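Only one chain is given next, in structure tokens, and it is the form predicted on its own.
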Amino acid sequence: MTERIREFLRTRREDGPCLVVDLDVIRENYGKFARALPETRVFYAVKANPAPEVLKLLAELGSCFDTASVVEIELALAAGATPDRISFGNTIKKERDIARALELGVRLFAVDCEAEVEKIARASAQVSIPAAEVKVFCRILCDCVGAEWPLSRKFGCVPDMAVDVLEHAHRNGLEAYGVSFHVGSQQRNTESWDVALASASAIFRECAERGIHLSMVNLGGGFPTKYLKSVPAVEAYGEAIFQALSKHFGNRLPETIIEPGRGMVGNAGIIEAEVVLVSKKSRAEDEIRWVYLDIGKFGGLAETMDESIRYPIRTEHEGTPTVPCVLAGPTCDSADVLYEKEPYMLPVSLEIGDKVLIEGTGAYTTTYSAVAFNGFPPLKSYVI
């Protein structure tokens, strides 16, 4: 926790859970990505944390933006990004949203099937944008081995199909621009990009044999933030990715893009929550206690689903004896249990009304927070 966050929480007087994000940490993270892969453009994944203050800072630093909707495009533009610094990276788009993005000046789109290509071609004609000005890249499937939050199956196609999709884009007058993949969120294996880049280079070769010359590889996200387990430094990822690019593309390196989200903002935020209840489910012989917080899966901690992301949790009783605890949220939904398969060790002295700090929560918390499930308000967010 930074001194700035500590001071903010010390003087805060409002009730309810809140997220506090320190912009200085994000500024430092952006610099690390820019230095680790100096020839690669950074497209911040807006979905990770779309706070206007975060987007404005990154736009000022020179970041580009990966967006998933027209609303996110508009947020990036409002923050100071120009349309040429925005990618519509969602492979599932309504045709009218594609048309609106084109009207806003966006020219870079993700696809993973021929039907999506056809939507982009039709939308460009609808708004009188020459198809040749519109760039598409095809996302391929990745096995995501080593990721704590896999992103396989829903997005992407097999590499062999990607060649046909890109040829379809070419035949529809669009610019077949390149290939993208995602090795899985919170990917702690720096070598994970190697296999995906081997597939990408094969697609480049096959497209070239068909007279289509690709230019770009979108390396996706996956760059982790530190939770309970240690993670490699950004520099280690940069070195591994550059070696894999050189291995598979030789001296003719393509343009490259990275899409950090969690790795950009995750460690910049901390959630302060309150203990609502401490109880047991049976008599004294049951060692396990249940600790209910005023925040749960529906309040911003959706990534605890299947206990995939295990956040560090701090209390004011650090250093005192601990017992295993199940952690749960405050709602009347039985799914609102954060950690039960592997209980957390928390202080015996933890009491109702105590504050707890949930670290590494700068990404995917406010955006996953329900509007008013059970009447609980969305997670408050402060950017300092």
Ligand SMILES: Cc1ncc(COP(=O)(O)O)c(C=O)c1O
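Residue positions are given as counts along the sequence shown, with the first one as 1. What you see is a predicted model, and the numbers here were worked out from it, not measured in a lab.
Same protein, other form: the form predicted in complex with the named molecule, not shown, and the subject of what follows.
In terms of contact with the named molecule in the model of the complex, the residue from S124, Q186, N267, S192 that brings a heavy atom within 4.5 Å is Q186. Contact annotation: of the candidates G156, G261, G178, G296, the single residue with a non-hydrogen atom within 4.5 angstroms of the named molecule in the model of the complex is G261.
Stretch 44-52 is the contacting one of 352-360, 337-345, 321-329, 44-52, since its residues have non-hydrogen atoms within 4.5 Å of the named molecule in the model of the complex. Of the heavy atoms in F223, some are within 4.5 Å of the named molecule in the model of the complex.
Proximity of R139 to the named molecule in the model of the complex falls within the 4.5 Å heavy atom cutoff. When contacts are judged by a 4.5 Å heavy atom cut-off, K93 does not count as touching the named molecule in the model of the complex. At least one heavy atom of G89 is located within 4.5 Å of the named molecule in the model of the complex.
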